[in-house]
Ligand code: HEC
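Below you'll find only one chain, the form predicted alone, shown as structure tokens.
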Amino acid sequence: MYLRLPIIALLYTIASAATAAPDGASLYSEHCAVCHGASGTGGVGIPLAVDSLLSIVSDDYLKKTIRLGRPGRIMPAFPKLSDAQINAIISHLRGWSDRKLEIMPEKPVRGDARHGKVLYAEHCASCHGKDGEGGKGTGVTFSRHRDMDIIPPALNNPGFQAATCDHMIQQTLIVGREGTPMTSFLEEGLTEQDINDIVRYVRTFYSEDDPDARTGEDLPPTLIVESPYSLEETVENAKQAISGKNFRFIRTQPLEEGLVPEGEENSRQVMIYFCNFNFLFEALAKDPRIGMFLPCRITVVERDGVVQVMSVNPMYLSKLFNNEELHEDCRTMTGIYRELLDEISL
């Protein structure tokens, strides 16, 4: 009797916690604060605790932004958050502004995209990029190079285009955005019709979304070929192929080195390390997380008399980075690995 009461109380506490409403502040701290700041004042990500933003962005815009993210940019998608959790985060954001939310019309803004293109080149391209590709620097680390403390958003991004409406873009251009270099275009001397023309041009941006490149879907995590040669011959072929691609051979070691007691490693499983240091330094400057699979490595394994040569597939790993600049390096590395594996096994 006396032992059951505490257990019942514990079970009641657990059940109550499971059914409690999500805590928006805690969720924001866990998922958002690292980029947007603990109090929404910005960092690598844009400031959120500003009236000029919160007064014009709808809940639907915020939901789509959190759910879809910005493919290839700093903002990741959060597909695993529940609707209730996203709503809780939005409620937390709304607490940073007392200004009444403006209801934006859904109908398109009328304007001349051709004139908007001229105005965009003059007033917008220096920050948002010639074709709306956004400010330089993507990923989620402070150590990478970027042109500004706050990276201007990519306007051609499919996540942005799906989440926003014409009138939200229009109001941003009219009002500006405090805490960022974005000023009021009316104060810069443009007319409301000029602004509408820019809106129409921004809506012409299109960024092709390559699902294989962004998510790694339908791509193998490793590249594997069979070698017609012995393990020893295959390793020597690998060294010659590596040198022929202007990479520096570093070392070979047993695949199990450090994982089993010294001297007990499987001698028929060998890892080959090599590197192009210029490529390495340039990639690390874009995003240090590429160090997860650098320097380059090829593994040669013999099982039941069959020799296989394998490497990681950088294009598959590109989904981890959400970094358009680094994605191109992953594409280049995948091509190099494929060429090396072909040469080694010929």
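From 1 onward, residues are counted along the sequence shown. Small disclaimer: the values here were computed from a predicted structure and weren't measured.
From this point on, the text means the form predicted in complex with the named molecule, which you will not see here.
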property: Selected contact from C296, M315, L53, V309, since only one has a non-hydrogen atom within 4.5 angstroms of the named molecule in the predicted bound form; result: L53
property: In the predicted bound form, the one of H115, R200, H167, H128 near the named molecule [non-hydrogen atom within 4.5 angstroms]; result: H128
property: Per-stretch contact check against the named molecule in the predicted bound form, the hit in 248-256, 265-273, 179-187, 223-231 (non-hydrogen atom, 4.5 angstroms); result: 179-187
property: Contact flag, V109 vs the named molecule in the predicted bound form, heavy atom cut 4.5 Å; result: no
property: The named molecule contact in the predicted bound form: L62, any heavy atom under 4.5 Å; result: yes
property: The named molecule contact in the predicted bound form: A88, any heavy atom under 4.5 Å; result: no
property: Exercise: T172 in contact with the named molecule in the predicted bound form, heavy atom 4.5 Å; result: yes
property: Site test, A283, L326 and R331 vs the named molecule in the predicted bound form, non-hydrogen atom cutoff 4.5 Å; result: no
property: Residues in 54-77 close to the named molecule in the predicted bound form, defined by a heavy atom within 4.5 Å, in order; result: Y61, L62, T65, I66, R70, R73, I74, M75, P76
